[in-house]
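First, one chain by itself: the form predicted on its own, in structure tokens.
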Amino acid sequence: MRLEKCWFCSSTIYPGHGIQFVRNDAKIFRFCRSKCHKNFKMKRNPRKVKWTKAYRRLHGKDMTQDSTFELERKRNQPERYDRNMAEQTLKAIPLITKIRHHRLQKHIADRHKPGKKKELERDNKELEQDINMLPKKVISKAEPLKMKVQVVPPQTQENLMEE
């Protein structure tokens, strides 16, 4: 069973699904749904349409460089069947899926870091501007009291015996 990729949005096309367009020069374009086919006929660039995989990769929304994608790569030359190799591959698939998921979560977290920092700065700025709107009780609870405390070093047992 061969799974194809949509020319426009890069999603997976299962056998018996989608639309196939063959140009006069015998180039084959496969589309997962009519939405992709219509956008292709309107000569839209997939890198400029926000819901496509090409746009997401180009604008840093999806991971592009990762060693786990090597297994998904299309191979044109068939490999000789090896039972041990097939067994190792099947055992490795869950581990690779777990690694890919972990890396994707890290990528998403890294993408959100600058936004959280900006949001915190914006909230602090708004609080400074509108501090007079808060009731006095809330302000006094929010700001900790500043008191001077004298720190006395702990006494060892030798010092206690001398006294």
Partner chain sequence: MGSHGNNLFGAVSSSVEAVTRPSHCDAISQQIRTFIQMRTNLKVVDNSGAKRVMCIQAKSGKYGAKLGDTIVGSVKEAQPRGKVKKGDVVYGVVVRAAMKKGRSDGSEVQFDDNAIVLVNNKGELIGTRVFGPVPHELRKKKHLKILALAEHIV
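Just so it is clear, the model here is predicted, and its values are computed rather than measured. Numbering follows the first chain given and starts at 1.
Here the subject shifts to the form predicted in complex with its partner chain, a form of this protein not shown in this document.
Every residue of the trio R23, I28 and K41 has some heavy atom no more than 4.5 Å from its partner chain in the model of the complex. The candidate stretches are 104 to 112, 41 to 49, 119 to 127, 54 to 62, and the one lying within 4.5 Å of its partner chain in the model of the complex by heavy atoms is 41 to 49. Interface membership of P153, defined by any non-hydrogen atom within 4.5 Å of its partner chain in the model of the complex, is ruled out. Along 84 to 110, a non-hydrogen atom within 4.5 Å of its partner chain in the model of the complex is carried by no residue at all.
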